[in-house]
Structures are given as C-alpha cells and as structure tokens.
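Single chain ahead, by itself, as structure tokens, in the form predicted on its own.
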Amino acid sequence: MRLEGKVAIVTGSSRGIGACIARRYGEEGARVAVVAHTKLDKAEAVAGEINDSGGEAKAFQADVAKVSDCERLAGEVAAAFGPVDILVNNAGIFTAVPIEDTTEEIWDSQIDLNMKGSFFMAKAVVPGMKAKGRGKIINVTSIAGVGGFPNSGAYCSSKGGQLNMVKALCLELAEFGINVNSLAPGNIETDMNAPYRAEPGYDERQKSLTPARIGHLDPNDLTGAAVFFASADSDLVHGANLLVDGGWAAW
C-alpha cells in the first residue's frame, strides 16, 4: 500500500471526484479525513465505506471558503489522526453564466471556495508539514485553468488562480520537503456538472474536442494520478500540473 500510515485530508469528498480519491487513499493505507460542507451524512457514508473495506476514515464538516473553518478542520484532523501528510484541495463550485449575468455573489462564491479555500487550507497544514520535513499538497484544478470556456469567467479565473498558486507555493515550500502540485480533470462525469451534460449534443461536442474520443470520464479515472502525487513516487515532482483529460488540452 503506497500511502500506508499517512494522514490525508480530502476536501469536498462527500461526493464525486473527492469521494473517489478518498476511497482510493483508504485502499492505499491512508487515514482519511472525508470532508463535507453541509451534507455530513454523505461524508459519513463515504467514511463508512472506507472503514468497512478495512481502511480508516472519519467524516468532518467544514466550509473551506472560510479561513476559520480551514484552521479548525486542520486542528480536528490532527487531533483525530495525527499531523497531516497529504492535503487534496478538491472542494469546488461551478456556476456557468454569461458575464452580463455574473453577480458579485456568483463571482465571490467561486473565487472564495475554489481559490481562497485552497490557499488557506494549505496555510493551515503547512506548519505541521514543515515540522515533519515533508508533505503533499494537491490542488484539483481543471482544464478550465489552462484554457478558456464561454460563460465561465469566474470559474476559469478561480481555476487559473489555483493553478498558478501551485507554482508560487512550490517555490516557497519545496526546500522544506513539501510537494505542491495540481491535478487537472477534463470532462469528468459528476453530479456538479450533470445539468450541462444533460444538454442535447453535449457528449458529441466533448468527443469532437477530445483526441481520445470520449464523451466524459469517470471520476475514478483520476485516482491513480492522485495517488501518484500523494506518494513517494512524486518526491521530486514540484509545481507540476497533470492533466487527466483524454488529450483535451493538446489542442
């Protein structure tokens, strides 16, 4: 098991990509903090699956768009499992609207959760990682962080910021043995993007723009990359962005 004995926080892990990463980390031997914003029962269900499969996990509640919740979450996880070795900043929100319809609230909700939350969660765990002389921080970004999408100005801004944050934190933290990298999903099938996938012709458009000719990817397709970034195999990988997108960004 590649993560045996490690303590991992996966934000936004009560569903979708985060839940799949949390389950895989449990299979790989990590003690996993499954984090939900409001639906603690779903986080408890994911933690229960991990425990029932022989792993170790516990559900936690936090709104990581709030700095105080980031600090509280890091403390609660350390108290329950020990110092944090792995942080996956996966919690996010996507609201697609034209610029004329983008309100301050829509802008703030995506910037605060997607970008600010990632930064302040990293800040909350860095002291413990420095004390141990090692750590893994993984931002789950998006193909929207390396390319533009119409009607998604706030989301693309948040994901682009999340991606460049990785480079800045890499330069600051690499000397302390802390790896900061990003994992950029492509057209992943989750309940967050279900309304857009339901649009007529959606899969056909995605296939036409994806060299692998797939309409969408399963969230589990990301877990191998997530384990790589969390494991000793990536000890010399700093400031990198790994696209899991079927070739989308190659255009």
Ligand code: NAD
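Only a predicted model underlies this, so the values are computations on that prediction, with no experimental measurement involved. Numbering starts at 1 and follows the sequence shown.
A second form of this protein, the form predicted in complex with the named molecule, is not displayed here; the remarks below concern that form.
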{"property": "Among the candidates A226, A30, V64, A47, the residue which, in the predicted complex, approaches the named molecule to within 4.5 Å (heavy atoms)", "result": "V64"}
{"property": "One stretch from 172-180, 141-149, 99-107, 74-82 that, in the predicted complex, holds residues within 4.5 Å of the named molecule by heavy atom", "result": "141-149"}
{"property": "Partner contact for L113 in the predicted complex: the named molecule, 4.5 angstroms, heavy atom", "result": "yes"}
{"property": "4.5 Å heavy atom contact, N187 and the named molecule in the predicted complex", "result": "yes"}
{"property": "Touches the named molecule in the predicted complex: I93 (any heavy atom, 4.5 Å)", "result": "yes"}
{"property": "Contact label in the predicted complex: A230 to the named molecule, heavy atom within 4.5 Å", "result": "no"}
{"property": "Residues from 144-171 in contact with the named molecule (non-hydrogen atom within 4.5 Å) in the predicted complex", "result": "Y155, K159"}
